[in-house]
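To begin, one chain is listed below as structure tokens, in the form predicted alone.
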């Protein structure tokens, strides 16, 4: 089936808000997404309101003193955090990027602005901050308890348990509570944190894109702790928001955002595989399209008894460069076939002091589960990870997607 989409429809129903204003701020065009967020009608806005009228008092002040002058001087601004006013009086946190359009003589004639919903991101950041504060307080109490008597020692152990509980809850907030039921697909996942007192940097998700497609991703953030968790939350939010685009464009958006946010100071980057699934209820086949940003290749396990790594034209690590190409790869899961995504915590796990588990061992084990349920494959891999004599040094995430026989 060929699906068409008009430029105007894409603009009106985009997952982000869009508006255009004259140079004095008068709104001359606005899409339905932004109108819906604000609870306003098009007639009440076009030609009647300015961009500043949509902002809170603090936002207006920032617009006058920073945003508007920067636009006049530079011609563009990006990633500005503001709050919009809803028609019901509520506030709506957003990220704003604007660019000035010039005519043939070089005179500015129009300002085009894109608005991203920052509600989920703000909730993630507040939750991470609370978790960081709890962790810091618990560590301070534990350090003090080491110098006290037995009673204080027991208190320190209790504080440590409290910290682990807090981090465990926070870690779960960065992962799906459970995978959704996808018609025509059987799924299974596994997550292992290398340290009980540090937030992991691996992440995955599976979610509905529209009535026919499902989005999935799995990735690995460089480092651990609250800083890595902040990148994880930003990556999950960005990939979900960009799911309506093709996989390559979604990874390109995440790459640009990470590079802009973390290019200076404390550089942060990640690897990721992002794709879409389209199950066919008539044939039992599942069409898969995905792109990779520096991530280990997925393993395709055919029900007939073969297992091969799907090597792609791989993109760069996400966040290293301002822009990058992430070519998509298509494949078809026949009934009983499984696509396994994993982070390098699995293949780089040490079997002993001198040997890694490696891709060949993974492929050999997967062959024994060709045609088996996804849950059995994931359970077998989790048992392998816990069987090593050497403690695992890295977090590990697994996501198995199997076309239902």
Partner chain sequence: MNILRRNNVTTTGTPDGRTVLLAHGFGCDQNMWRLTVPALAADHRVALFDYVGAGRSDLTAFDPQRYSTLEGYADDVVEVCTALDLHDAVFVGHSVSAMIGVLAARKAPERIGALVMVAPSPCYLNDGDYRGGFDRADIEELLASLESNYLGWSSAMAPVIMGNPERPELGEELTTSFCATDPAMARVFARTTFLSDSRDDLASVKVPTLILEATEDVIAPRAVGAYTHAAIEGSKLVTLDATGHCPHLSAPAATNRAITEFLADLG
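Positions refer to the first chain, counted from 1. Superpose the two forms; the largest set of C-alphas matching within 1.5 Å is the rigid core. Predicted, not measured: the structure shown is a model, and the values here were computed from it.
The same protein also exists as the form predicted in complex with its partner chain; that form is not shown, yet it is the one meant from here on.
- Contact check for residue 66: a non-hydrogen atom falls within 4.5 Å of its partner chain in the predicted bound form.
- The shortest heavy atom separation between residue 37 and its partner chain in the predicted bound form exceeds 4.5 Å.
- In the predicted bound form, residue 236 stays away from its partner chain, with no heavy atom inside 4.5 Å.
- Within 4.5 Å of some heavy atom of its partner chain in the predicted bound form lies at least one heavy atom of residue 57.
- Distance criterion of 4.5 Å from any heavy atom to its partner chain in the predicted bound form singles out 80 from the list 80, 253, 331, 134.
- 50 is the sole member of 50, 350, 363, 42 with a non-hydrogen atom within 4.5 Å of its partner chain in the predicted bound form.
- The chain is drawn here without its partner chain; in the predicted bound form, the stretch among 239 to 247, 80 to 88, 109 to 117, 280 to 288 whose residues come within 4.5 Å of it by any heavy atom is 80 to 88.
- Contacts with its partner chain in the predicted bound form, taken as any heavy atom within 4.5 Å, map to no residue of 228 to 258.
- Once the rigid core is used as the reference frame, the Cα position of residue 364 differs between the shown form and the other one by less than 2 Å.
- Comparing the forms between the shown form and the other one, the C-alpha position of residue 186 differs by less than 2 angstroms, with the core used for superposition.
- Relative to the superposed core, residue 341 undergoes a Cα shift smaller than 2 Å between the shown form and the other one.
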